[in-house]
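Below sits a lone chain in structure tokens, taken as the form predicted alone.
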């Protein structure tokens, strides 16, 4: 795997995540008590031996840069290769805003040209999964395909008017592709992970830019499939996966993680998930505390009742406070006598004494960062 590099594009649309992505990219969204969305993808790349990873950023990337740091937690801080931050920058040709992944790759042509690896794994950043990436890469090399696309057949990954869907023949060849269809007609959902030779991708990007194209799937790969100019295969990922593209999807993922069987599939022993280390004291529980089916991170102080919830680092729950079906991010506070249900609290959010917030499970209440309610 020393001859394989990775590129993660973090510029996906985040409008349906509302307050959760007001100050951060989807890749930097906190999940599962102590992780960020990008941790799962970055860990999958590192676990298979990839040591050159570039992260292309678009907007609201300060939180992501702070989280990734030097790449030490993922062992990507050595003398050779490592983790490369690729934020947008202004030039005569580039106005700092990418219209699509093709523009993003063209703006980072120098990074692609100076990298030495033969193969490149190109990834989006809005999906959570934990794959044996080495099997995916080896399948591509053995097949001799020009491009191999990763897909899943999970019905929960399909969306109306959003996403990319593949028609896959019995021999694994991609015969058609739908981009943002009104209703998907193919069961295979593209997971925005593909592999090809680095020089092949560079040629596709150069041709795409020369013809005013922005979307890699719709403008470049789809015509190639229709014309039969390249061998494009697909590889099925059979593990659990989630698309984090709305508040409801984020809430549903969080509730799924509370299930032991799903958690064991997402965090298998042979595929560890790495994240930024923050040294904290262990969680502290007061007297007469009730805590049922919840994930409680280090640094929390629990003196009330917590049911079916996820508490990130440093959360404080006062006596007589009741939390049910909630996600409370780092350093949040719930004061005495408060009752909240089906709520998502961003970082440093505060629920005042005796407050009551009850939202429907299908449309949870979101409290933005630093807001006192």
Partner chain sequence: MMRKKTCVAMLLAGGQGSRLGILTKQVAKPAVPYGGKYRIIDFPLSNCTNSGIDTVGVLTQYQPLELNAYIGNGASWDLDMNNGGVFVLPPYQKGKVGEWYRGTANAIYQNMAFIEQYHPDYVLILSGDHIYKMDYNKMLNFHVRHGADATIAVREVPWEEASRFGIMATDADDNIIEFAEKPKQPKSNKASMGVYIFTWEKLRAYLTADEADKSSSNDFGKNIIPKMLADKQVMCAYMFDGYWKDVGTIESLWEANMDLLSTPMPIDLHDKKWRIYARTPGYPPHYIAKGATVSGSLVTEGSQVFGHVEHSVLFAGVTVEEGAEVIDAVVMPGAVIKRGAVVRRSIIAENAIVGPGSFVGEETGNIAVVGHGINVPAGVSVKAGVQVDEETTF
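Here the structure is a predicted model, which is why all the values come from computation and not from measurement. Numbering follows the first chain given and starts at 1.
The same protein also exists as the form predicted together with the partner chain; that form is not shown, yet it is the one meant from here on.
None of 173, 218, 263, 132 but one reaches within 4.5 angstroms of the partner chain in the model of the complex through a heavy atom, and that residue is 263. A heavy atom within 4.5 Å of the partner chain in the model of the complex is found for one listed residue only; from 214, 231, 284, 197, this is 284. Using a 4.5 angstroms limit between non-hydrogen atoms, residue 327 is distant from the partner chain in the model of the complex. The closest non-hydrogen atom of residue 33 lies within 4.5 Å of the partner chain in the model of the complex. Contact check for residue 252: every heavy atom lies farther than 4.5 Å from the partner chain in the model of the complex.
Residue 248 falls outside the set of residues with a heavy atom inside 4.5 Å of the partner chain in the model of the complex. Relative to the partner chain in the model of the complex, residues 355, 367 and 372 are all farther than 4.5 Å at every heavy atom. Heavy atoms within 4.5 Å of the partner chain in the model of the complex belong, among the stretches 205-213, 298-306, 235-243, 183-191, to residues of 298-306. With contact defined as any non-hydrogen atom lying within 4.5 angstroms of the partner chain in the model of the complex, 72 is the only contacting residue in 65-80.
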